[in-house]
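What follows is a single chain, given as structure tokens, in the form predicted on its own.
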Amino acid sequence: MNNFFDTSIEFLKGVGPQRAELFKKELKIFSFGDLIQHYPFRYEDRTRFYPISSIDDTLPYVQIKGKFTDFEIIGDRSKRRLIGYFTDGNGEIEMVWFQRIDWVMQKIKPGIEYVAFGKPSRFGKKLNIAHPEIEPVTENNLKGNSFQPVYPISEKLRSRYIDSKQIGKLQAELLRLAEPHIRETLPEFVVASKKFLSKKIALRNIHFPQSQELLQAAQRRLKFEELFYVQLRLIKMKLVRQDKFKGQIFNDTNILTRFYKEHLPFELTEAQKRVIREIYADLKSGKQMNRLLQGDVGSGKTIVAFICMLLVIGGEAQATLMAPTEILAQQHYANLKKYADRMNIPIALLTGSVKKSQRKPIHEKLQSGELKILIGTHALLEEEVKFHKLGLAIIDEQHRFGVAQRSKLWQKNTDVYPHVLVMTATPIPRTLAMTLYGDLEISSIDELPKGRKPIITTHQFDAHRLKVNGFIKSQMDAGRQIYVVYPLIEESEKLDLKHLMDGYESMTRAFPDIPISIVHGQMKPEAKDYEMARFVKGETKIMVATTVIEVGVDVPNASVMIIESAERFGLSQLHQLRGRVGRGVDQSYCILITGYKLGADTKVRIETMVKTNNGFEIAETDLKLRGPGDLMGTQQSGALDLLIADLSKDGPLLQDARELASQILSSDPNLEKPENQLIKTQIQMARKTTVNWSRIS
């Protein structure tokens, strides 16, 4: 049964070797199975005919029938366009062609009744449809009873005259052949309890819906199935890992209690306390911890990390923290050293720039067990970095590390794996976390420390620059420092942006007596660090930079973040940049500067930033705007190659699928019961190539 869907796509009537090559390159369609799962991304409603008099330019697509009364060619050479005047007897609309005009003139004749389909738009006072689909009236298209599928295709396919209609014809042929081979892929009890369509009926209606109701039912069934198997695989991996990887047990809280009583500099928030309880439960459970800790910039993840380190040190083990950049590693080291020194706990920093002579004693003390905490960058992964007994590995901003890099850290112990805590300041929407990190436990710090004032965010247009400069001056007079961030380093002809150098010059003109730092990605690391250090010490008052400061600098005295050409930044990036201010006790501000021309998505991004400081809310909006693949970067997208489900819209369905997968696995972890045999078979047949980036290993 399976072999039919493994058949190479070239053997489908209408494809052949040349088209097969195109399908493989452009759409990743190699087999019958790939094609049948190449689902439409929208449907054109051909179930009704609109009277021309009722059409306006707000309608997405319309189907009308009528006759052409006349044609006229306007303009010459490259400006030529053909206008056809189309009427249904009560109203008239213009049909416009800019290309293949001679071909259209041969095909379409006045006086014959046609069905036309397209998107109405307004040109001046008149309505028109550009490049409509036109076909003579037939008994079939007069019925007007179908939802026509529109398939994802590429420009290259279009240039070879393969359009969505062609793919629809191939799907129809494939469905005819596939009918006897389509088997049920969900157990009977699931199909019955959820009132799902059968797989066969769902596939037929996802490609060629008989009605709106059947289309929705087909989508619901296929989305659920996809999410169910993703969740089942993740939960099963989690159970296998918990079963297979025993964890070191850390339940001595003496050192921690001493820190709480004598040295804790401030009261922890309820969210921090909750997260510490969750991590402590893992550390004493005897199972290896694999936990994701997410919290906004400034929510206090570092102190939580230190408290977890104390639990491990109390059990005679060591802890390490790996950060993606040298600046961030130095910052973590500076923050944690304050606490470690009070507790007389040996701590060291290991990065690429630590000299060889300084490394040797670090390596020796680490191996003997004398050194308890090691903070560093990728340098921690080097062969000669050997721990006496690593109890806890903390990875900061883990999406910046490759899977192989993370696994090296995991294998620093020979006998038993360390507990792993992954930290991120990019809050991840719930649906995305459940899919991407479904086999990690997730802890969230969802409140800011007491006394933190929310950052006030405003939106200004380019024309208000004098007003913004006035505000900068008043803040500097009050002793504050300012960040100004630009998206580009050099002028680009395509993007009409105020680029960095131009911005730096205009700042020096506006504030001739003020020392200004400049930092961008093309500077040598030493120069970058020197400029950053000047700003941190307060020697410069304004830092003009590109997004290199997104992660890293912590300057409590910097209270204003100005983001130039803010329309060019993604929402999570804007939020990360804003998080660079608001580190001190003073009121902080973020000013988003844009041009006047803003697209609909950009308006939503800017409005969201002005409205809320909540990273989780921002992440949800970002997911809706950009989709999951873009949000996590291509490296993670292996886990998100969803064929039909959409994490930004299908949250409730995902929750439902996860609950069912959990129930089944908790009562039958090895899927041995007769009613679960179909699931077991399905998992074994699923592509072996599926990558899950959430595995720390």
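Not measured: the values here are computed from a predicted model. From 1 onward, residues are counted along the sequence shown.
The following text describes the form predicted together with ligand ADP, which does not appear among the structures shown.
J.: Using a 4.5 Å heavy atom cut-off, which stretch among 295 to 303, 466 to 474, 374 to 382, 593 to 601 contacts ligand ADP in the predicted complex?
T.: Comparing against ligand ADP in the predicted complex, the contact stretch is 295 to 303.
J.: If you check in the predicted complex, is N141 within 4.5 Å of ligand ADP, heavy atoms only?
T.: No - in the predicted complex, heavy atoms of N141 and ligand ADP never come within 4.5 Å of each other.
J.: Does any part of Q272 reach within 4.5 Å of ligand ADP in the predicted complex? Heavy atoms only, please.
T.: Yes, Q272 is a contact residue.
J.: Is there a heavy atom of Y339 no more than 4.5 Å from a heavy atom of ligand ADP in the predicted complex?
T.: Y339 belongs to the contact set for ligand ADP.
J.: Would P487 count as a contact of ligand ADP in the predicted complex, using a 4.5 angstroms cut-off between non-hydrogen atoms?
T.: No.
J.: Using heavy atoms only and a 4.5 Å cut-off, determine which of E539, E135, E267, D462 is in contact with ligand ADP in the predicted complex.
T.: By the 4.5 Å heavy-atom cutoff, the listed residue in contact is E267.
J.: Out of K389, R583, K236, K365, which one falls within 4.5 Å of ligand ADP in the predicted complex, going by heavy atoms?
T.: By the 4.5 Å heavy-atom cutoff, the listed residue in contact is R583.
J.: Across 94 to 123, which residues bring a heavy atom to within 4.5 Å of ligand ADP in the predicted complex?
T.: If the 4.5 Å heavy-atom criterion is applied to ligand ADP in the predicted complex, 94 to 123 yields nothing.
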